[in-house]
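The chain below stands alone, shown as structure tokens; this is the form predicted alone.
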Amino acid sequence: MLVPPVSHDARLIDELFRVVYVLSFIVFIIVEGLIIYAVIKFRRRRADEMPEQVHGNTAAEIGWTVVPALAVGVVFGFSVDTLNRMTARGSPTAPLAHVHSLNDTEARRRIEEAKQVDLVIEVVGRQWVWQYTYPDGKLTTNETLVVPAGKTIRLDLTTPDVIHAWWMPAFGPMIYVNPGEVSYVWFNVPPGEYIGQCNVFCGVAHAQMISKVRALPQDEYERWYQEQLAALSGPTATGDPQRGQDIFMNQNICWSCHSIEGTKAQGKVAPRTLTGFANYDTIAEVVPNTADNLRAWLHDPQAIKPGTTMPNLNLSAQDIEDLVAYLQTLK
């Protein structure tokens, strides 16, 4: 299924693809036509017939060298023109998707001067989830990035583990996210829900590292943001998070399968890290991440997701409450 472009850069890439596609089709027709012509015209008509021996044809050799070179030159010219228009300094309100991978102070200054940025969000790519932190640092979400539509959004992307790639096909270019570097992508898109994929193989659960963006009208975005802040200060589990941490790290086998940054839990069996788990949208990709669903998951994972590798640990009701309380602190 083709993904319709929604940004300026994505439309430029789409136009270039169509031009290259048409040129490729023309070349295909010419080449295949010449092959069919040669097969018919120069076919052997008698068993004892020998084909005419041609030891050199200067005109033909020049032709099949110059014509492909011209075709490549045309594609190169269109590509350079597209790149120049993608990096042009247009109106800050024009729909765009811009990508840079720069580290020095001068690069940051050029980025700020290039476009009027309405919202800057810090993004951390982890095995195997994207984590989004909003400007005031009070709100961090995983999996889905919610932004105001029609505003210029800049993402500052880093990763603490391996190379990832943030790619939203509807927005345009792909951006590599390398350990020890900061990469940038900015975009301005209409309301809608968009989906992409980490485009660099980054481990066993690479296929689950989905990029999701939901662009809302300004008033809806502001309402969503306030709701998220209110939810953070709302009621939590009734268990003891300290005891839940002790169960996780010492009294159970949780730490041997799961990973949490900064702790001894460095297991590789579970496909996703629990770092930032409280901000995940879902549990095991199947149910919303709520306290009740988490209790049900810890009570019987197979009932929530048949076939999951998470075993039923036969936890007591109090152990489940304490684990839920602890996991809700992982923000």
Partner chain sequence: MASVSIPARTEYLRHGLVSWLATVDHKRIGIMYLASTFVFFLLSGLMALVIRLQLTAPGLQIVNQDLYNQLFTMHGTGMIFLFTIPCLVGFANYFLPLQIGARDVAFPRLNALSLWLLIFAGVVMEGGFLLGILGLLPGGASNAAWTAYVPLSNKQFSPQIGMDIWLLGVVLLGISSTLGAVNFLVTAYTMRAQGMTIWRIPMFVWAMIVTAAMVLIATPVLTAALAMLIADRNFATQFFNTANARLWQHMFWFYSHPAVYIMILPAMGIVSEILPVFARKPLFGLKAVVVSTILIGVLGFTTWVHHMFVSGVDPIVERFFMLTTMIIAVPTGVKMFNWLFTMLGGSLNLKTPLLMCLGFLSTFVIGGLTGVIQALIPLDMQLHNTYWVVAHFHYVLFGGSVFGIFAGFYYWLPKITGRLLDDKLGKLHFALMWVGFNLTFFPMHFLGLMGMPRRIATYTADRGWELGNLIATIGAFMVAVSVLIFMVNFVRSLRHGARAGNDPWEGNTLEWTVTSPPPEHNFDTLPTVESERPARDLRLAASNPTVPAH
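Numbering follows the first chain given and starts at 1. Remember, predicted model here, so these are calculated numbers, not experimental data. Heads up, when I say rigid core I mean the largest set of C-alphas that superpose within 1.5 Å between the two forms.
The same protein also exists as the form predicted in complex with its partner chain; that form is not shown, yet it is the one meant from here on.
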| task | Tell me whether Ala270, Asp281 and Ala291, taken together, all sit within 4.5 Å of its partner chain in the model of the complex, counting heavy atoms only. | result | no
| query | Which among 160 to 168, 136 to 144, 117 to 125, 222 to 230 is in contact with its partner chain in the model of the complex, heavy atoms within 4.5 angstroms? | reply | 160 to 168
| So, in the model of the complex, is His206 in contact with its partner chain at a 4.5 angstroms heavy atom limit? | yes
| Going by a heavy atom distance of 4.5 Å, is Asn84 a contact of its partner chain in the model of the complex? | yes
| query | Looking in the model of the complex, any heavy atom of Gly172 within 4.5 Å of its partner chain? | reply | yes
| field | Residue contact check: Tyr176 to its partner chain in the model of the complex, 4.5 Å heavy atom | value | yes
| query | Though its partner chain is not shown, can you say which of Val200, Cys257, Ala149, Met249 has a heavy atom within 4.5 Å of it in the model of the complex? | reply | Val200
| field | Partner contacts for 11 to 40, taking its partner chain in the model of the complex and a 4.5 Å heavy atom cut-off | value | Ile13, Leu16, Phe17, Val20, Ser24, Val27, Phe28, Ile30, Val31, Glu32, Leu34, Ile35, Tyr37, Ala38, Val39
| C-alpha of Ile26 moved at least 2 Å between the shown form and the other one on rigid core | no
| Core-aligned, is the CA shift for Ile62 between the shown form and the other one 2 angstroms or more? | no
